[in-house]
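We begin with a single chain expressed as structure tokens, specifically the form predicted alone.
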């Protein structure tokens, strides 16, 4: 197993892409420190992780709060002694044009998506530097690569994550710390389902109708992606096969962002 003895910290690990990534890394021998704001998701995550490993722990936590982040990272180091991989996955969506976006809504989205990625990265970097290296992968979105209607707060937060990734790659490469960014498109996750349901409600359609129309019109591969397909990319980026890849922005979107 290529990640035997390695330690991965994963935020938003209770469902969707985060959960698939936690399971994939655990299958390959990684010890998992999983964080999610939804405590209800944790028992099932523990059950599924236990099929592959006993070397994991799962906690409820809010990545937008420095105290929550720092205590979780400290607990990880106390339990496992190191942090090799960080997957900044946790995020929230918000459907609204700019004029209809309240200051509170804006701060919630930016605080979770952008600030949360900043706080998690800042907390693990000293340990990665001290141990001689590590890998950070940030989860942005196709929304960070292109403009999307009714998406001002979300799209801007994801675009910020892309440039944060590049800055981190430039600053920490000399410490043997690689930082890359994945940009999933339409992936079968609870977030995607909520997103399409909200858009559909504005258009008098079901979320499924909105999604099917979008896939047909915009995705060359003509299908929605699966969380496990994103997890495969994460595993590659964490592996030695990707040891000379840093600062990369990688769409995982069936061709969605390839062109108009």
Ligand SMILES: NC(=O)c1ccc[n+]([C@@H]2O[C@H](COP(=O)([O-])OP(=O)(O)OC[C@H]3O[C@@H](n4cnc5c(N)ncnc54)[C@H](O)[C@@H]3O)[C@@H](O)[C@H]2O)c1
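Numbering follows the first chain given and starts at 1. From a predicted model like this one, the values you see are computed outputs, not experimental measurements.
This protein has a second form, the form predicted in complex with this ligand, left out of what is shown; the following refers to that one.
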ask   = residue 139 near this ligand in the predicted bound form, any heavy atom under 4.5 Å?
value = yes
task = Indicate whether this ligand has at least one heavy atom within 4.5 Å of a heavy atom of residue 232 in the predicted bound form.
result = no
inquiry  = Considering non-hydrogen atoms and a 4.5 Å limit, does this ligand approach residue 172 in the predicted bound form?
reply    = no
request  = Please run the contact check for residue 89 against this ligand in the predicted bound form: heavy atoms, 4.5 angstroms, yes or no?
outcome  = yes
request  = Tell me, out of 187, 114, 77, 124, which residue has a non-hydrogen atom within 4.5 angstroms of this ligand in the predicted bound form.
outcome  = 187
ask   = With this ligand left out of view, which of 210, 45, 37, 26 would have a heavy atom within 4.5 Å of it in the predicted bound form?
value = 37
ask   = Going by heavy atoms within 4.5 Å, which of 127-135, 172-180, 95-103, 151-159 lines up against this ligand in the predicted bound form?
value = 151-159
note = Applying a 4.5 angstroms cut-off on non-hydrogen atoms, the residues of 188-218 near this ligand in the predicted bound form are 189, 190, 191, 192, 194
